[in-house]
Ligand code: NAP
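The chain below stands alone and is given in structure tokens; this is the form predicted on its own.
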Amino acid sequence: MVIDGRTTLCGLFGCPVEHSFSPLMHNTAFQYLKLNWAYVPFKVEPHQLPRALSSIPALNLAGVNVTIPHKEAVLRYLDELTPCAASIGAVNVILNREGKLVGDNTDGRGFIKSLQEEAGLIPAGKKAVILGAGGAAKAAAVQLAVEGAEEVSIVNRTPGKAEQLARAVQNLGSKSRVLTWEQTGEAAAAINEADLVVQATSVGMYPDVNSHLPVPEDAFHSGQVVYDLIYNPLKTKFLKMAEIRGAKAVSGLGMLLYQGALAFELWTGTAAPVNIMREALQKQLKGR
């Protein structure tokens, strides 16, 4: 890759970003299609977020991905939201449209695509439990409701954000309930009854790979799909627990791939080389 004065830049705003596989995935795709583009990760501390966002038009970046902890915090600083991002209440991709910052969200669509491709699960009529109520949890929960899930329950440390998310799910036609981790028995029972369990927090993400949410191993069972949105490590302690009990364990790598492919197409206007991007992710995983 040669970067010159004609190179179009895009990137990632998050904290941390050292673990991210997105730069290799996108830069491999740019090289494959011979596009003079480059993707750069930017570690943005929360207090620097407004200044970082103002740099997008100032530096003429095509746009950025947004990850932990900024997916909800960016909303107040953007000029416009797509209907998808507005309904989710979180943003994972920003587009620079002639100086106007437009927030979109490809997480939910990427999640559903991965769920169908890797687990063969169609959400319609299914019961799901989402663990967490942050930006990624919102995307997954809202998209599950859009896809016709019968029930999407939310388990979170505190009820406030979870209750807001539950209302959004109910407005889309799915049943929802809110539980906190203090309700240990009720949370375990909800997980046990679910067709799909989605771990949507950062607990267990590299480098803190030995941590996991307070879910008892016997809450999982065969015939269940357990999805951890974390992809580094590929198999978290949470997924290992589920797998021991016979559940189908799915990492967040597929969601990373498909949400990234959608973002790539929004920025470039070019069809994403999904297979090339998948190979790049697999190569990086083997290297680690």
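Only a predicted model underlies this, so the values are computations on that prediction, with no experimental measurement involved. All residue numbers refer to positions in the sequence shown, first residue = 1.
Just so it is clear, the following notes concern the form predicted in complex with the named molecule, a form of the same protein that is not shown.
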| item | value |
| --- | --- |
| The named molecule in the model of the complex: contacting segment from 169-177, 186-194, 149-157, 82-90, heavy atom within 4.5 Å | 149-157 |
| Close approach of S202 to the named molecule in the model of the complex, 4.5 Å, heavy atom | yes |
| G135: touches the named molecule in the model of the complex, heavy atom cutoff 4.5 angstroms | yes |
| In the model of the complex, V250 touching the named molecule (heavy atom, 4.5 Å) | no |
| Contact label in the model of the complex: M255 to the named molecule, heavy atom within 4.5 Å | yes |
| Residue (of V66, A263, I230, L239) lying close to the named molecule in the model of the complex, criterion heavy atoms within 4.5 Å | I230 |
| Contacts with the named molecule in the model of the complex, stretch 3-23 (heavy atom within 4.5 Å) | none |
